[in-house]
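One chain comes next, on its own, written as structure tokens: the form predicted alone.
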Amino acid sequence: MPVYQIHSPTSIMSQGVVVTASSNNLHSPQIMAEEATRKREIRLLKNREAARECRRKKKEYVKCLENRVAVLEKQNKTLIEELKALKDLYCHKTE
């Protein structure tokens, strides 16, 4: 892991924080490539886990919606039957 020294310019016209690497801790291209590969693998692993969790939540959400549809369809069927019964009762009274 590289060691960085953070220097803050003291002039009035400061542009921000300057970050420099110590000369004795410079990485060779091979080490930098290995570090980039390791970071990529970690990022891909985290992404896979996030995608897995997203798919799990979506399945749970869809299952909840399907249950809700079933309940509402049952309620709708009951109300339609009740409406038919009331219409039949009303029609028989008016005759």
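Just count from 1 along the sequence shown to find any residue number. In this text, all values refer to a predicted model and were calculated from it rather than measured experimentally.
From this point on, the text means the form predicted together with the DNA, which you will not see here.
Participant: Could you confirm whether I31 comes within 4.5 Å of the DNA in the predicted complex, counting heavy atoms only?
Facilitator: I31 lies outside the contact set for the DNA.
Participant: Answer yes if any heavy atom of T37 is within 4.5 Å of a heavy atom of the DNA in the predicted complex; otherwise answer no.
Facilitator: Heavy-atom contact with the DNA at 4.5 Å: absent for T37.
Participant: For K57, is any heavy atom within 4.5 Å of the DNA in the predicted complex, or not?
Facilitator: Answer yes; at least one heavy atom of K57 falls within 4.5 Å of the DNA in the predicted complex.
Participant: Would you classify R48 as touching the DNA in the predicted complex, given a 4.5 Å non-hydrogen atom cut-off?
Facilitator: Heavy-atom contact with the DNA at 4.5 Å: present for R48.
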